[in-house]
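The data below hold one chain only, encoded as structure tokens and taken in the form predicted alone.
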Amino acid sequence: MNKKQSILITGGAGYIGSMLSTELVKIGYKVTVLDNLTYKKNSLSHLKNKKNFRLIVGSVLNKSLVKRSIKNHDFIIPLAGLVGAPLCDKFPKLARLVNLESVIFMRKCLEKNQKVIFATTNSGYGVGKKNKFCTERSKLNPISLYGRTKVQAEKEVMKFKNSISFRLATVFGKSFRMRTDLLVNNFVWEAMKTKKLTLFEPHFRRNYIHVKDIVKVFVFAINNFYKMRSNVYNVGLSSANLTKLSLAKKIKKQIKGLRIQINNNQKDPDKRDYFVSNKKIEKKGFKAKFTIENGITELLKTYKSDKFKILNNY
């Protein structure tokens, strides 16, 4: 590892970004974050006195700022985005601008020797085939605007030779910029508050991964970039390909008296339904390890803390 290498993270104050920025600063990389701080102003406050950290407050839609910021960085990690189907449906024009158009502009600004590690989503698979895992070769069929913008952005990024794309499973766990709208985080939050979970279409399947494992896979990619470049990888916890009902039952084991109810009269607006294979990234030497069970325990402890407040969820 060359600790003199510099890394630009757009959206570096967000749910994944704040955790990744913190780890890369800790390791010793020179880290620059470009973020408009829409959701939380102080998620990176613990880094402000670090000599190898710099925060640029601004938008990825500011083309002159982006062009200046990209210069002289070895790695670019574009995490800025409107994340999730509900938020993109609420602001469709902005979603296209941030999730897609800003990425296209960024790619055009890159020098040949620069390297990109992109993050997209498993939701691009839409609805998978029954009894069959989605691999990186599976047909992409995004259902939501969010999924479509991320799939299109991935195609643009992969036109650049020095690039890697991670199709991330649904993330869970504690972060400096906490979110309770993500499925595991939300289920644990609701279960703790109400002692009840009401499930729509409980057979819908999904893969999950802890935010700490996402941080680890980015570090792994930085250290093994030339072995991995020009490729797309699914990144998830292979033991956590679960239906919503299976997830709810795991939560019930840690919350006494939790009632699980099935509502057959209402459809889930999020139509994602798939199991995902992570064998490709595992063959490269990375394997997610932070279990769903440990994540539930961590979330319960976080939510019960006197300091925990929901200030800026979508």
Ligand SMILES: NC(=O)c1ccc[n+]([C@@H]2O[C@H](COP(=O)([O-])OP(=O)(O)OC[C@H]3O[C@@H](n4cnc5c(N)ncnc54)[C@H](O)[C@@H]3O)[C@@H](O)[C@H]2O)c1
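Not measured: the values here are computed from a predicted model. For every residue, the number given is its place in the sequence shown, counted from 1.
Quick note: we don't show the form predicted in complex with the named molecule, though the next part is all about it.
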- Query: Taking heavy atoms only, is Ala288 within 4.5 angstroms of the named molecule in the predicted bound form?
  - Reply: no
- Query: Any of the heavy atoms of Val60 lying within 4.5 Å of the named molecule in the predicted bound form?
  - Reply: yes
- With the cut-off set at 4.5 Å between non-hydrogen atoms, does Thr38 touch the named molecule in the predicted bound form? yes
- Quick one: does Gly295 come within 4.5 Å of the named molecule in the predicted bound form, counting heavy atoms only? no
- Just one of 239-247, 190-198, 144-152, 107-115 has heavy atoms within 4.5 Å of the named molecule in the predicted bound form; which? 144-152
- Among the candidates Val98, Met228, Val184, Ile76, the residue which, in the predicted bound form, approaches the named molecule to within 4.5 Å (heavy atoms): Val98
- Give a yes or no on whether each residue among Ile164, His210 and Ala221 has a heavy atom within 4.5 Å of the named molecule in the predicted bound form. no
- Message: Suppose contact means any heavy atom within 4.5 Å; which members of 7-25 contact the named molecule in the predicted bound form?
- Response: Gly11, Ala13, Gly14, Tyr15, Ile16, Gly17
